[in-house]
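A single chain, nothing else alongside it, follows as structure tokens in the form predicted on its own.
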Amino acid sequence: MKWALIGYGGMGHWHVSKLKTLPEIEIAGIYDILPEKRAQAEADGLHAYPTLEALLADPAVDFVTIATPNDFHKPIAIQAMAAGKHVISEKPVTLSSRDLQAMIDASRKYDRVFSVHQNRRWDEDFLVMKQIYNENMLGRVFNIESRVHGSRGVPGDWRNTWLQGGGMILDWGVHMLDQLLQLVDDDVISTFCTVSHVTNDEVDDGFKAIITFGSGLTAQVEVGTSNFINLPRWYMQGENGTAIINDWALNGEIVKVSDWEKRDAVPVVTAAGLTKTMAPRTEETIKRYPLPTVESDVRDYYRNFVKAIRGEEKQLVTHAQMMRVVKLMEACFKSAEENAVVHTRI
């Protein structure tokens, strides 16, 4: 199948680099609104369409990926589907659930496959935690914490403008909330979210969301861009143990109880007193395990999309999943604006 790219920026280059290695896909070319980006594409050995209309009018192009600023995703996606192209949008798929519904309606009207590039489902740190959760390694899980921390603020491009869909909820929150909803198969019943504006007044440069599921399981999702000491990437608590992943290099471990009967503890003495309650367990009552090994290939997203066009597989990233993530992001924005818990079944 022949593929074309709309938007030859950082993620656009990433898509090209991955698709060059897939024999089932041929790159037809790219379009970017900036002449210098089109010139760069030609220097890179790619065909550059002079206009978006020229790209969409090319009958050889089967499907496109939209890697533009977020506010252009909806109009370009609908225009492309109307032109007979199957469509992948970069994340976030669009800026509101109403806009997303219009995109879904267009995919049905024109009978085109439409999806969003949720590539972080293939991150190995997430897949390790998913395996730990699915295989019940910790017993009943009651709390999950997922964090991404940086120290450079919001990137100095369209991502720091509200009208173009900037901010960390839409930039990184979309990935982490999608991962969480893929991890926990349950309805979200409440959300409480706070946002930060340390380096940017127009959009959030960080946020913290406490999400509660119908089972009572809680999750904390956090993004920060002013963190010079990072907290763990993942922290999962179950009745029988705890799992931690410190970073994307997968440094971490699983610690589980081995003897519930031995509860005696050597008190911890602090400058102002002592505590047995918070004293660490002795080594003979716990066991430490390495994290499981999981391998992934993010190109499987495109392999699946091509097979979905051919009717050979169902989409891995479905319309219903896309809508849940957008609605959960909307709940985060509403909670932060009202400084209140948002009760909604998502």
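This structure is a prediction, so every number in the text was calculated from the model and none was measured. In this text, residue numbers run from 1 along the sequence as written.
Here the subject shifts to the form predicted in complex with a further copy of the same chain, a form of this protein not shown in this document.
Although the partner is absent from this view, residue 130 stays clear of a further copy of the same chain in the predicted bound form, with no non-hydrogen atom inside 4.5 angstroms. Interface residue remark: residue 111 is not counted as part of the site for a further copy of the same chain in the predicted bound form, having no heavy atom within 4.5 Å.
Looking at residue 276, you'd find a heavy atom of it within 4.5 angstroms of a further copy of the same chain in the predicted bound form.
Residue 119 belongs to the set of residues with a heavy atom inside 4.5 Å of a further copy of the same chain in the predicted bound form.
Only one of 96-104, 250-258, 180-188, 71-79 places residue heavy atoms within 4.5 angstroms of a further copy of the same chain in the predicted bound form, namely 250-258. For the three residues 153, 172 and 241, a heavy atom within 4.5 Å of a further copy of the same chain turns up in the predicted bound form in every case. Within 4.5 angstroms of a further copy of the same chain in the predicted bound form, the stretch 185-214 places a non-hydrogen atom from each of 190, 192, 194, 198, 208, 210, taken in sequence order.
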